[in-house]
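Let's start with one chain on its own, the form predicted on its own, as structure tokens.
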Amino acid sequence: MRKVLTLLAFCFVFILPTTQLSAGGVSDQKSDSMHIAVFVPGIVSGSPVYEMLTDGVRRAVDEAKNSGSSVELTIVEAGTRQADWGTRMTSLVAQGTYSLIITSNPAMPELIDPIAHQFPRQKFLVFDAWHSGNPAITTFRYNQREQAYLSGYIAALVSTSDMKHANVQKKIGLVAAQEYPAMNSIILPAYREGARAAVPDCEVDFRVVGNWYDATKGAELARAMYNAGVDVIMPIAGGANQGVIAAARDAGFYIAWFDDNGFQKAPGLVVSSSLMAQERLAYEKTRAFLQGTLKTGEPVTLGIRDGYVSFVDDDPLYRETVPEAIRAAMKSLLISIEDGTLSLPVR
């Protein structure tokens, strides 16, 4: 009898292909269900960009299910080791389960392109990225030139103000997780461009963590920049942002926040927040795909005039922290972008 039970248990284990495990969840493979995967090149918790991504997709899927559609969602967290992303994406695609794989990261199109040629039937939707020439890959990027220009502009104004933590050296900083095309060709130049539009002789100190998670290294870089005379730092470093925040609290310098509302992260030290409407865009485009109306294969750039990039000027902490004269200058700058007087296209 024991041998029979063991045999039955063995058989049961291998009857499980109707439910397939992936690196972040379980995917139901019923043939009558549309199945969407969100591939997170990192960890969702603590990453505003990926929290917005998953929340937007989940909202569209839940809405479709509530209206009677048969659609399932799998969320795959690929971890912070970038060298693993390609292998994990290939494994996900090879399952042949997903009608659409959604992800977000400027590095993802280059990683996906060879996989898409290997599996030409798979469709990909990538946010915060740009790619053309492959009909299987549809990308939407935010006008990060506008975002970074706004951040650099206010950082320079704060640096040259009489605010508590400002000094006389006219130096601001940017801490990046890594160097990548959008950082090198758009964000860093636009941050410098905005700073020098406000203060022509403002300097920008640029330093790189080397990954998207090392908060200790982020703190070390921020302290070194502060010791070199930097009084405002913009961190774009994933989990390493927490190290920059900790250093700001300890040393006393200001932070220009990128991609979501960061005023609550360090009250009194965060002087700006430029936003990208990732949750809204993820919801809208996922819903369009489920309804069969998504225009695929063509890259799109979205900015302030489209409503997908914005600057937070209505948070009480913004008004409490930043002097009225600087807030007025930022309001004037925003209006000039909104009405087209100042054009900042992504080159």
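All figures in this text were calculated on a predicted structure; none of them were measured in a lab. Numbers for residues come from their place in the sequence shown, where the first is 1.
Although not depicted, the form predicted in complex with a small molecule is the subject of the following passage.
Undergrad: Heavy atoms, 4.5 Å, the small molecule in the predicted bound form: which of 106-114, 195-203, 69-77, 163-171 makes the cut? Say which one.
TA: That would be 106-114.
Undergrad: The small molecule in the predicted bound form: within 4.5 Å of a heavy atom of each of 153, 256 and 273?
TA: None of them does, since no heavy atom lies within 4.5 Å of the partner.
Undergrad: So which of 122, 178, 134, 242 reaches within 4.5 angstroms of the small molecule in the predicted bound form, heavy atom to heavy atom?
TA: Of the listed residues, the single hit is 178.
Undergrad: Here the chain is shown alone; which of 85, 98, 149, 226 has a heavy atom within 4.5 Å of the small molecule in the predicted bound form?
TA: Contact check passes for 85.
Undergrad: At 4.5 Å between heavy atoms, is residue 321 in contact with the small molecule in the predicted bound form?
TA: Judged by the heavy-atom cut-off of 4.5 Å, residue 321 is well away from the small molecule in the predicted bound form.
Undergrad: With the partner left out of view, is residue 286 within 4.5 angstroms of the small molecule in the predicted bound form by any non-hydrogen atom?
TA: No, no contact at 4.5 Å.
Undergrad: So in the predicted bound form, is the small molecule close enough to residue 48 to count as touching (4.5 Å, heavy atoms)?
TA: Looking in the predicted bound form, residue contacts with the small molecule include residue 48, since a heavy atom lies within 4.5 Å.
Undergrad: Counting only non-hydrogen atoms and a 4.5 angstroms cut-off, does residue 128 reach the small molecule in the predicted bound form?
TA: Answer yes; at least one heavy atom of residue 128 falls within 4.5 Å of the small molecule in the predicted bound form.
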